[in-house]
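Read the single chain below, which is given as structure tokens and is the form predicted alone.
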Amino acid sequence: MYFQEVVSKLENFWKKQGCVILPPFDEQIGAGTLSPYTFLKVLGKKPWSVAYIQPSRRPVDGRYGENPNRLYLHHQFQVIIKPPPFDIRELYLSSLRSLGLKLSKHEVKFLEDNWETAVLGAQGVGWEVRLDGLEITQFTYFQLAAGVELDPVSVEITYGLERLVLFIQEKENVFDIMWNEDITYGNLRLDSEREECIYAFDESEVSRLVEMFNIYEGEGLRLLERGILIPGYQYLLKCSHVFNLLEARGAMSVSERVTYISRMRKMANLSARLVLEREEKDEKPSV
């Protein structure tokens, strides 16, 4: 099964479970959890069911396209459901079967792997899912976001698409994955992977990155304090990407790293407060 078919199969499967299928969010994002489709929607009580593919950039994981399994940019397929159905784990396993996997012939393990991200003040309990020893999915029940206890909780299922397709196609190098019958993953991604790594590790200027972080933070705070949610939150995403580039450059001490995270956490908290205030306002009866 080709890469693009795996995506369409997962979209069709979760669409049948009532999920809205969305395009990727158009910002540089380090993980699908940071997408407003996830973070802003797990807050509050309104039901939410969505699935989407999200390119995720983690500069420190880049290897100039020379490592068969480590990438600057990889693709996640995100499923967020609030509240989660009682049979969500079985639904997840059924989604793997929809890809043609005969699970009775493979070892599927759910290994406890509780999750947190300091930038968002988010925590959850869940599992790392391994298929014959290869991690293919992170399965998490969100319990906390922006320091707020979530009620109801949401479930987040994050498929690592490259790893999943490596397993399905029995490839050993991610760049050998067949995207369709004619085009490989390397045909589409290898040149940009190399150039992104050259920028992240060699060409980015630390002083300019720091300046960009400060500008993005200032504009994001200004907007969020004025009650303008989505543009303000997008500046948090920009800050997060610059932070990841600074980390790839080795440009932060331990104390500086904590300070940057605290600054981004403030933006996340302001964003969450706006979401909850709007929901509370919507729920109040008109006088």
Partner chain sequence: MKNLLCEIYTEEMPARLVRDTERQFSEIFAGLLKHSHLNYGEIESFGTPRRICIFIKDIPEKEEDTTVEVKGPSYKIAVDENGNKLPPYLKFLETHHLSESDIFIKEIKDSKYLYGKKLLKGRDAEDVLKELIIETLKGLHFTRPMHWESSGVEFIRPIRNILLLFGEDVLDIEYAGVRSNNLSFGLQIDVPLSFTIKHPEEYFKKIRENYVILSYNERRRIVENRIKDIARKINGVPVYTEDFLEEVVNMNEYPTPFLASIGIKEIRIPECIIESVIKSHLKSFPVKERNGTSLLPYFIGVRNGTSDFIENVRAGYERVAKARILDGSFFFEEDKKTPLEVFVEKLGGVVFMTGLGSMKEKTERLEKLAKFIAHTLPLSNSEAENLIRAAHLSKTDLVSNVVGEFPELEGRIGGIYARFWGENEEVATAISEQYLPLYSGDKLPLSEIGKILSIIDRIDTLAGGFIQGIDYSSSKDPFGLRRIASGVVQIVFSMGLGRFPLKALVYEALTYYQIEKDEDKKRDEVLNFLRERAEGILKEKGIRYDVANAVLMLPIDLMPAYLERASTIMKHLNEETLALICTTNKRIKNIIEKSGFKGEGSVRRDLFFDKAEEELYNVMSDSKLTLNSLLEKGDYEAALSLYYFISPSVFKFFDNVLVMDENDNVKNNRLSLLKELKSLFDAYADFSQITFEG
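Numbering follows the first chain given and starts at 1. Owing to the predicted nature of the structure, the values given are computational and were not obtained by experimental measurement.
Omitted here: the form predicted in complex with its partner chain. The next part is about that form.
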Problem set entry | Listed range touching its partner chain, judged in the predicted complex by heavy atoms within 4.5 Å, from 205-213, 98-106, 192-200, 177-185 | 98-106
Problem set entry | Non-hydrogen atom within 4.5 angstroms of its partner chain in the predicted complex for each of 89, 114 and 133 | yes
Exercise. Is there a heavy atom of residue 253 lying 4.5 Å or less from a heavy atom of its partner chain in the predicted complex?
Worked result: yes
Exercise. Would residue 259 count as a contact of its partner chain in the predicted complex, using a 4.5 angstroms cut-off between non-hydrogen atoms?
Worked result: no
Problem set entry | Contact test in the predicted complex: residue 147 vs its partner chain, heavy atoms, 4.5 Å | no
Exercise. Is residue 143 close to its partner chain in the predicted complex, meaning a heavy atom pair under 4.5 Å apart or at it?
Worked result: yes
Exercise. Considering only 58-92, what residues come within 4.5 Å of its partner chain in the predicted complex, judged by heavy atoms?
Worked result: 63, 67, 69, 70, 84, 85, 86, 88, 89, 90
